[in-house]
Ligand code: NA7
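Next up: a single chain in C-alpha cells, the form predicted on its own.
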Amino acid sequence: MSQTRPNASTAPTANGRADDALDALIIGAGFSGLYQLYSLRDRLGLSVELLEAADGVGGTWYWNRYPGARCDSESHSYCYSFSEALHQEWTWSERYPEQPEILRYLNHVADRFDLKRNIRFGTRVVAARYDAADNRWHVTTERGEHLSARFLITAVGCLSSANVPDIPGRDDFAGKWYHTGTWPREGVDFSGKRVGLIGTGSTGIQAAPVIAETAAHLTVFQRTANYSIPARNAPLTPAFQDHVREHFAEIRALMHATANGHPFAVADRSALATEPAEREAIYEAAWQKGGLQFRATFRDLLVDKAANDTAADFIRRKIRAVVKDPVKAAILTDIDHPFAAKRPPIDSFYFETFNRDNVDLVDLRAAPIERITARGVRTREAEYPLDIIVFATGFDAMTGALLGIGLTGRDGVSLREHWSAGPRTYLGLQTDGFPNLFTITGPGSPSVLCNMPVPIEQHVDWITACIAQMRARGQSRIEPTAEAVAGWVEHVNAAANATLLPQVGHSWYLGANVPGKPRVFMPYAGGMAQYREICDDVAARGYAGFVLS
C-alpha cells in the first residue's frame, strides 16, 4: 500500500513550505522517473513525489516533437520489461515507433500504474541543497515551493538540455527559428517556406526528409558529414507481434546479455579475417535488413580501425550510389571519423532527399557560417534567404540537465564546481560530496551507448534495492568515497580507450558540441552486461566503495 499523500499535486502551505517531508523526491517524468516512482512507491511503500517541468509525462519524448522524430531502437525492445502483463497488453504498430506512439505508451504506463497522482506537473526545480544536519535534500521549485526528502533521485535524462548555438545575429532573424529539442506542441507549418536546417546528426537526419516534403525549399547546412543506415521501417506484422508476446522472457534475457541492451548479439567474427567477397555479402544483407544491427555484423568494428574502414568504405559507396549529384555526394561522404564512433544514425530516405529539386546542401567545412542576418544565414561565401531556421544541434548531453537544477552538496559545494573538470561519479550512480543523491543513467554509466530502457531499469532496480537494504539495516545515508570515484573514472577512461570512440574529437560523447565544456568521455564503454555484473558485485560486497551510516 502506498504511503504517499492522497493528492500529490496539493499546493504548498501559505508560508511557502511543503506540508510534509518525503522519503524520496524524483526529478523527471520520462522512462526513468516513472519506473523509479513505481518502484519506490509500490514496491517499497515509501512516501515519494515526482517533480516534472512539463505538463505531462514523457521526458525527451514530450519535448522532441520535431518532424520525423522516431526511436532508433526497435519498438519491441524500446519499452519496459519489468511487467510481463504490461508487455502483453501493449501493441506497437511499427518497427521503429514515432514520437506520438512512444508518448501514448508512456501515458498508458502512467495511467495503468496510477502514477500521475504522485507527480507535480509544471514544476521546474531551480535548486536542491543537501543539509547534513538533518540528512535531507531541500528542493526549491520555480514557483517558490519547498520540499524535503531523505533521498533525491535525478531522472532528468541524458539528452534533455537543448544546445542552441550562439551564432552571431541569431536574434536579428526576421523569420522564425526553432530547436528540435523544444519543438512547439502545435507543430510548424513549412508549406511554401524557405527552410534552413542546421545540424546533420541523428535528429537532422530524421527531420530533413519530412521537412523537404512540404517546404518550398530546404537548405541543409552540414558541418560534419555522417554515416547513416537505412531503417527499413515498416508496420509490424501480427505474426511478429505474437512472436514478441510469446517469447518475452527470451527477448528480455537477450537484451540483458548484450553489450548495448539491444535484442541482438554482435556476431563473433572478425571483419579483417573474413574474405572480402563474404564480408561484402554480410554488409549487403545487413544494409538490406536495415537498422542498428548493421554495426553488429563483426566484433572488431569498434576496436580496430582497419576493420572499421571496411564498414565505412561500404557505407560511403552506398551513399554515392544513392545521391545523384556528384558534388552533393562528395560532401555527404567526406566523413572524418570511424563508423559508429559517434552515435550511428538510422534513417528513412535521408540521402534520397538530396535528389529532390527543392533541397540544397551547404558544406560548412568549406564555408563556415559567419552570422545569421535578418534575411537568413550568411556563410563565408554566400547568404541564404530563409523564412524558418531549424536548429538540429543536439544537447548539452549527460551533464547539462543535471547542472541546470542547482545541486549543492555537503559543505556548500555545487555540482558545477565539483565537476568543473568533467563529471566524476561512482558507477554513474552517485558522486562524492552529495550523500543520498542518486542519478539514473548518469555520466560514467553505459546510458547513451545502449538501448535506453535496459540501463534505466537496471539503475532503478539497483537504487531501489539499495534503499530497501538501507532501511532494513536502519541506515539513512549513503555516499561513495573519493577513492571509489577516482577508481571508477579511471576505469571508465580505460574502457573508452580500448575502443575507437574517444578518437572523435568533435563527438558529443566528449561534450565537444558545447563551447567551454570539459572534454571528457562521459558514457561507460565497457558494455551493459559487464556493467550490470560490476554493480551486482558492488552490492553483494555490502556496497563496496560506498560509506553507509
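Model, not experiment: these values are computed from the prediction. Start at 1 and count along the sequence shown; that's the residue number.
Although it is not shown, the form predicted together with this ligand is what the next lines describe.
Here the marked residues P165, G199 and R343 all reach this ligand in the model of the complex, each with a heavy atom within 4.5 angstroms. Contact check for L106: every heavy atom lies farther than 4.5 Å from this ligand in the model of the complex. Residue contact check for T499: none of its heavy atoms lie within 4.5 Å of this ligand in the model of the complex. This ligand is not drawn, but in the model of the complex it has no heavy atom within 4.5 Å of V139.
Interface membership of T393, defined by any non-hydrogen atom within 4.5 Å of this ligand in the model of the complex, is confirmed.
Only one segment in the set 263 to 271, 141 to 149, 335 to 343, 426 to 434 has any non-hydrogen atom within 4.5 angstroms of this ligand in the model of the complex, and it is 335 to 343. With the partner omitted here, the residue from P97, P209, G204, G442 that has a non-hydrogen atom within 4.5 angstroms of this ligand in the model of the complex is G204.
A heavy atom within 4.5 Å of this ligand in the model of the complex is found for exactly one of L364, V322, L254, L403: L364. Contacts between 210 to 227 and this ligand, taken as any heavy atom within 4.5 Å in the model of the complex, involve R223, T224.
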